[in-house]
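To begin, one chain is listed below as structure tokens, in the form predicted on its own.
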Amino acid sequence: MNTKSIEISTMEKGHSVWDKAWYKFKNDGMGKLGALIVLVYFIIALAVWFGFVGGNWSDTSDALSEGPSMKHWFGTNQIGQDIFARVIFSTKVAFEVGLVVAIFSTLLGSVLGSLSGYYSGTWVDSVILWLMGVLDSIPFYLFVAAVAYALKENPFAMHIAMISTFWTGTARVIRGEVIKLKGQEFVEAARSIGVVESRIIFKHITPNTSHILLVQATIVFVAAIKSEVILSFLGMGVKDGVSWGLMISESTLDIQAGYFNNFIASSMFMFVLVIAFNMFSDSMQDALDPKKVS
């Protein structure tokens, strides 16, 4: 038996799902590369949050539509704004949207999915399934437009619309897992000693779906960033500030005039982050798959 086989054999004996998942993840080169790139983007976002970089994204100058230089690394747009500062500031916006939508939609999906799964076959399950069906049947961008109109151009209309629709995917996955878990011995034991149902659901069952919630949150994070770019491009996203979607929208005029810096910078920053997070998410999904880590 070689050294790697011995390590795997040792890892499989008496270790938790998280220990096994970590072992698989740290041996996944593509997953680690994706996580490293995401970490770099997160550090950039933190630097913007704390005001170290990107604060001059709205400043204009006499340098109109200039190419890359030592002063303006990615050049300037048609009104003299520094493209590098704008694309860096947009990284913070992307993380803000991704984190807010991922956290709240995952929490909502977890709660409603757990209730639906525990009370499967009852009116509670029927109502939640009906609600998910209704939301899934509405075209996403039409729903966002309706929410934005109803909230009178509220800057959080986009976030609310995403959370209101993205939770359904998490809820469906959690519902199936809870249906499986509620028949386990530890749940039966809790019932036998008189533990109230709400405590059984959220104290005993839901924590056992944390590995699924983590994967779902990473998936929603990427989906939220891509949706924000599309919505901002269409004029239904970020209102006060700048984002990659707004930069791509602005670049349509630049391209017609033969200037591509704005488009290339915003597209490449978005592309690299989305690809890296997809790599990280796929690695997490493989590592936390119960069929592979059990």
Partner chain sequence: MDVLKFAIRKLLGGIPLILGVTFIAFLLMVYFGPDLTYEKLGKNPTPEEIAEIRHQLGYDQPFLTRYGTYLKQLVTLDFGYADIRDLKVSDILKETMPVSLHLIIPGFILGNVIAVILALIAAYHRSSWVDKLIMTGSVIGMSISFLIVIIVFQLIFSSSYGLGWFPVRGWEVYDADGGIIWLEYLKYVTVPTLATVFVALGYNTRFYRAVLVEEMTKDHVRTAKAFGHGTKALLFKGVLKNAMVPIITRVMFSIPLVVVSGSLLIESYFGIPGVGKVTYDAILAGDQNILKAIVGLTAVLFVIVLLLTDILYRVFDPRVELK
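Keep in mind it's a predicted model, so treat the numbers as computed, not measured. Residue numbers count along the first chain shown, from 1.
Not pictured, yet referred to below: the form predicted in complex with the partner chain.
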Whether L33, W49 and M158 all lie within 4.5 angstroms of the partner chain in the predicted complex by heavy atom = no
Indicate whether the partner chain has at least one heavy atom within 4.5 Å of a heavy atom of F143 in the predicted complex.
-> yes
Would I44 count as a contact of the partner chain in the predicted complex, using a 4.5 angstroms cut-off between non-hydrogen atoms?
-> no
L234 near the partner chain in the predicted complex, any heavy atom under 4.5 Å?
-> yes
Though only this chain appears here, would V187 touch the partner chain in the predicted complex if you measure heavy atom gaps against 4.5 Å?
-> no
Considering the partner chain in the predicted complex, find the one stretch among 81 to 89, 131 to 139, 179 to 187, 192 to 200 with heavy atoms no farther than 4.5 Å from it.
-> 131 to 139
The listed residue (L108, L214, V147, L99) that reaches within 4.5 Å of the partner chain in the predicted complex by any heavy atom is V147
Interface residues of 250 to 269 toward the partner chain, as seen in the predicted complex [heavy atoms, 4.5 Å] = T252, I255, Q256, A257, G258, F260, F263, S267
